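Consider the single chain below, provided in structure tokens and representing the form predicted on its own.
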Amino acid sequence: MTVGIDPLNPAVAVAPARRGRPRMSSRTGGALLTVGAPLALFVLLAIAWQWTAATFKSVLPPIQDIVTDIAGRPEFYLENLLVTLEAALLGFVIGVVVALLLAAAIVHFRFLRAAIMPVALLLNVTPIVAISPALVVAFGFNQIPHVIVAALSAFFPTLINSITGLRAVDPQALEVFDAMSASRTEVFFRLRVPSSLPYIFAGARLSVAAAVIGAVVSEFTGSSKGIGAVIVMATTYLNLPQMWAAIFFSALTTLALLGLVGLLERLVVRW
């Protein structure tokens, strides 16, 4: 290796930079880690699944049996999935809209917090399985009970996050609005709402997952269609491939909805 001389200080020897293979960029390494780590984990989980299915046949079915069952009748699963998805999305919209309206009212009228929050907490801690039969008795064997359960499931996460976001306002920005004699409506729409959007979308992600879970669980009672009904049917006849196929469909649907909410957040929240 040849040693050079520093022109500013001849007494100091300077070693030339070593030439070698270019290092992998941090962006490429991060992308490989993002894709490779979950993929490796899924492979390990699949191996563990297959071992459990071969060792304990009454616990899990082999993956190939699940794939064969889905491939043999995809329309059966899609038809029931659409029924569940309809109830979940309608309940999600209702729950989120009601939660946003109540959060706005609570922020402006403090006495409403003392009146509304205990009822909201009571609804949140009430088991969904206990609500579903009562709703079926009240509204009959249709989609209304499942929509109500999905709405109740989606309501609380959005309410809590919306209240937190609407109150998490920069005090200095609020002072500026007060100095400009801004009205309460202007403060709300121009300051509180924009600053609360990250909180609202965080609550929406929780709510959309809760709405799907609520719709599926509500279909365990008083329903002949939907993913929940498929799971109950599979449990009755000990059809493990059908049961896990329905579970996978509901999980993948929830992941897709979470992705849509995240995409909407990127489009709306640009700061």
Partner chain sequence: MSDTAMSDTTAQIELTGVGRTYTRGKKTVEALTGVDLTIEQGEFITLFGPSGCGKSTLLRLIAGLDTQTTGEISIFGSTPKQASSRKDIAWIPQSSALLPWLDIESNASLSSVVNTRADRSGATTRRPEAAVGILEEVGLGDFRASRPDQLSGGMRQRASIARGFAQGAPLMLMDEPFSALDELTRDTLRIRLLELWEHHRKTIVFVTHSAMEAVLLSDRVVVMSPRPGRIREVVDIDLPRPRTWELTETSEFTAKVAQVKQILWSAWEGDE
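Numbering follows the first chain given and starts at 1. Quick caveat: nothing in here was measured; it's all calculated off a predicted structure.
What comes next is about the form predicted together with the partner chain, which does not appear here.
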Using a 4.5 Å heavy atom cut-off, indicate which stretch of 67 to 75, 129 to 137, 190 to 198, 150 to 158 touches the partner chain in the predicted bound form.
190 to 198
Does at least one non-hydrogen atom of A179 fall within 4.5 angstroms of the partner chain in the predicted bound form?
yes
Could you confirm whether A173 comes within 4.5 Å of the partner chain in the predicted bound form, counting heavy atoms only?
yes
The partner chain contact at E79 in the predicted bound form, heavy atom, 4.5 Å
no
Classify N142 as contacting or not contacting the partner chain in the predicted bound form by the rule of any non-hydrogen atom within 4.5 angstroms, answering yes or no.
no
Using a 4.5 Å cut-off on heavy atoms, which residues of 112 to 140 contact the partner chain in the predicted bound form?
none
